[in-house]
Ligand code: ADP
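Shown next as structure tokens: one chain only, the form predicted alone.
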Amino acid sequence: MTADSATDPKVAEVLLPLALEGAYSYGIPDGMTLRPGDFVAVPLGPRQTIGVVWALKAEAGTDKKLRDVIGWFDMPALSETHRKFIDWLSAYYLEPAGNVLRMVLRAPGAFEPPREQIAYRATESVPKRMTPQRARVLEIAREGFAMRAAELAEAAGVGTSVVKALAKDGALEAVALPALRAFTEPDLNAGGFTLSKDQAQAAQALRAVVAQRQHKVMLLDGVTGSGKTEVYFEAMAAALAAGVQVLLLLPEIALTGPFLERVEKRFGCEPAQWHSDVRPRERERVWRGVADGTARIVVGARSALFLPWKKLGLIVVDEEHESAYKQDEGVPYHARDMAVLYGALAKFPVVLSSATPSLETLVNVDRGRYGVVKLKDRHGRPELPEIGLIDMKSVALEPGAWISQPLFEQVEATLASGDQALLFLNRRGYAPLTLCRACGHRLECPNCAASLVEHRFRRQLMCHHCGHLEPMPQACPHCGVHGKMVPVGPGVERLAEEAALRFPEARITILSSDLSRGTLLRDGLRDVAEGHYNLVIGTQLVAKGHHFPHLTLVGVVDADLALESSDPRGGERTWALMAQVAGRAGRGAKPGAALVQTYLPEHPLMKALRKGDRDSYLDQEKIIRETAGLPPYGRLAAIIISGTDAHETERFARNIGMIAPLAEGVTVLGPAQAPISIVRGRHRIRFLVKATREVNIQGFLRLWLKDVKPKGSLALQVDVDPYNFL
């Protein structure tokens, strides 16, 4: 096709990665040939930006002269499936399509030609002058990877001048980084596992689904330790043998280290990884490899779903029940649900794997929409850990103590036998609340309606909602009395302090996202797995799929934290968390046990946990949800109004409430203050829209909000299928 032809399109509709509802029109210059999905550079005001050709038109349909496309990028076009995916997600979550496209274009360096760059790595030399800033740079540089000056400086929290000075001193040496290295082709016979009979049958069922090359969602439902990973690896191998790309989604960055090693062992090549900790240069490499199809296996967090896939043929969603798959900031999508959508659009299978499947997934199985494959026994050891309850109403605790005598005795016996024990408390920091004993004043965040959490190891108070930090005061800021500030309630740091006093010979480590991330966390998990520590104090981080072969006892210090919340999924989440953390025990040669401290031993969840009766408890949850018309039997959407002025925000919310349309099957609750009414200095008021499954809730919301235009500091966010009720 030539630009001179009368049939050639003259106008390109280009979607830009901005909060725009639709594409902008640009002229196609003579001699340029474009097609839908092409990446192009276009002018926008005084600057230039990258966009994607969404459609082509013969004429502009306007007398206004259009600005021309500046240039075309020589790379694979964004597929029609991916463009449909963006449009569908935009319509479902009521988000501008440009905001969704922004998630695709998260590696701007990928649009620049690969080039050799200068990087730095540590030498054996010691600098003439050592400062804390220089020490941090050298510590990171000694991890073994050559890094560009800007990357090394950013990782160490210093300026690039510190890096350059260390290079001048000889403590760092400059090396040339080659152009982006190629991805290795998987070897499907590299490291297969010996599967049990149950595993082999499950793997065969998944391979058969993959062989059909059609859309089908399969739930891989297996108890903790049953070897689900090895089973879905077989499905991945079948997809790779068919020549397509495979995406393995994980709920947390912390999981990618161990999973990368397992994937590499099974498939004989290092998989691509995609999450927020990936360095910019590697992000460029992965983005290009996904776009041209050379990155065959990608292990990533939820945002990996938006990579520009050339030929994606299977998605595996591990720990599919995890709420971490729901994004709250920006576009509020749920990666599990959108993975199912992508598979439907591209007509390929999706595997959802979990020991504690979500109620949404189980109901889809009940309705026949999803298939299911079950693994009922642990691989190599049929026994699941026995779960016992400790009724805290009948146990006397010492003041300031949180470990009951029955739990203490079991931990002591476990350590004496040479095994590992885990004390679990799903609360970060030292204490969730700090009070003045003289006047009762509580330390609160200046930006949020929330208490400051003491982090004693850091000697700081922190807000877990906005990240505000301040030092622990010596005197009460309200009454001025010294020495009266006291912690209230336990966090993992306080629990670790008690454990150190009560188990003085124990080798203790804390696993919490506040204290360990990236390399430190991966090393910590590996050290626990190898037995370097025998007493682990952890938050929910430790419940997520880790394999600790020497761990035989789990003690849950406070199992009641989430049961009395207003979250309709509170019971389901508590069940999943308790079952998952108990499942860390007994995964090696010895059987395991779990002890759960609770003030509610007669609660249906606690009874079911003791009996190991998941299905009866979740059947009760289904009845409760269905009776209340809550998901997955009904639909929910949240509208959050926020602003810097309380009165203005409340007035705006009331006005919106007055124009809510009446519709059959729809109930509008609110406006009401959000449970956390101020976050980052912004007052928050919310509506909750509850509807039957037959209602087009997006259409209702569009009708209601079509003329609403927030002004000044006011903002309005719509969250379809909310998971966060704070």
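Values in this document were obtained by computation on a predicted structure and should not be read as measured data. Numbering starts at 1 and follows the sequence shown.
Below: the form predicted together with ligand ADP, not depicted.
Among heavy atoms of P490, none comes within 4.5 Å of ligand ADP in the model of the complex. Put simply, E648 is far from ligand ADP in the model of the complex: not one heavy atom of it is within 4.5 Å.
By the criterion of a heavy atom within 4.5 Å, V158 is excluded from the residues contacting ligand ADP in the model of the complex. When contacts are judged by a 4.5 Å heavy atom cut-off, G225 counts as touching ligand ADP in the model of the complex.
Among the residues N99, Q117, S196, T81, the one placing a heavy atom within 4.5 Å of ligand ADP in the model of the complex is S196. Shown without its partner, this chain lists E270, E230, E284, D558 as candidates; in the model of the complex, only E230 has a non-hydrogen atom within 4.5 angstroms of ligand ADP. In summary, the region of this chain contacting ligand ADP in the model of the complex, judged by heavy atoms within 4.5 Å and restricted to 186 to 194, 289 to 297, 205 to 213, 437 to 445, corresponds to 186 to 194.
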